[in-house]
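Presented as structure tokens, the chain that follows is alone, the form predicted alone.
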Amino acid sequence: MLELPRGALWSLALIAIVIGIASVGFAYTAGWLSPDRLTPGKLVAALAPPGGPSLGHRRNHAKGICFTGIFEAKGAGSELSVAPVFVRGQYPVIGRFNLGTAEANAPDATVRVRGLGISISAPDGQEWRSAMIDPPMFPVATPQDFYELLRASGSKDPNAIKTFAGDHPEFAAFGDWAKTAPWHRSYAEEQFNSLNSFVFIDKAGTDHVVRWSLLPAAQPVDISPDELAKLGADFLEQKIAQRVANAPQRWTMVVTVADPGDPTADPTKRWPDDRRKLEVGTLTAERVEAERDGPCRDINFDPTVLPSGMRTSDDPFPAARSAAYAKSYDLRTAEGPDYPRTATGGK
């Protein structure tokens, strides 16, 4: 048997100790040592609709369609961040228009929340991934609250949501938005919002806590849910494909900078309208492709994938979303044979 020198044995022992500590830490954060802790698996399982998950699809925002295009940076973003995607120029984008539902075949008019995921690539290979939705606030303040909301939504108790809302008064703002905000006939007419707070770091090393939004160039046209239902189950995918085929569709990216004292860890809290805003660039969708063979199908729009000059803040959601997205990705790739080769729905 090969005999290792004492120094080598000590090095191996030290490595084993470090790995052991790291493993325990990972097990703890994953909830393996505490059955009551929220884990990615629990969160993803709670997303499943009554009939079970849509196999081969994302566990949430299951219905979507891919697009490719460009992000044209104006250079203004470099005041806030050294991120390469803010240097004046054009950068390739892979994106996904989607609906906030776990049902891959849900009729479009039945889903209140619409989403947009983008991946912007810099020449040096760095990426900025973002997943945005159209409401101006999130329904709950923490990942644990979101899990409880999902459980209430899936409960057979007819008073479950009412009870949840009573225990979580912050939910009222989202509820009011869902009931009163106008519906639009196209993804092209939606404003999409990051909601979560992130930190941009400028060339002097100064931190700026920010959120961002994409404002549509297209004029929004209000339409009732009943009128939307008459357009067909998949009208959003059909209309965005038609619009982009006729002409590129554009959104202006606006970054909002927090003032000291603004809530940064709670996406249910909106910042005052007078906060500093910078128009940092334009997103252009140039080509739409069905997800089944499109470039977005295998992309996780993980909000923690950030280029240099950006990092997460004290907001707990990006880390929770990242873990849940990874779990969802593992599940859907294992279910590849179940993915329907149809023109709509898809993951």
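Sequential numbering from 1, following the sequence displayed. Keep in mind the model is a prediction, meaning the values are calculated, not measured.
Unshown form predicted in complex with a small molecule; subsequent notes refer to it.
The closest non-hydrogen atom of Pro143 lies within 4.5 Å of the small molecule in the predicted complex. Contact check for Ile70: no non-hydrogen atom falls within 4.5 Å of the small molecule in the predicted complex. Although the partner is absent from this view, Leu43 contacts the small molecule in the predicted complex, with a non-hydrogen atom inside 4.5 angstroms. Shown alone here, Gln191 lies farther than 4.5 Å from the small molecule in the predicted complex, counting heavy atoms only. Across the options 192 to 200, 239 to 247, 74 to 82, 179 to 187, residues that bring heavy atoms within 4.5 Å of the small molecule in the predicted complex belong to 192 to 200.
For the residues Ala320, Leu278, Ala285, Met310, the 4.5 Å heavy atom test against the small molecule in the predicted complex is passed only by Ala320. Annotation: in the predicted complex, residues Arg88, Val210 and Leu306 none come within 4.5 Å of the small molecule through any heavy atom.
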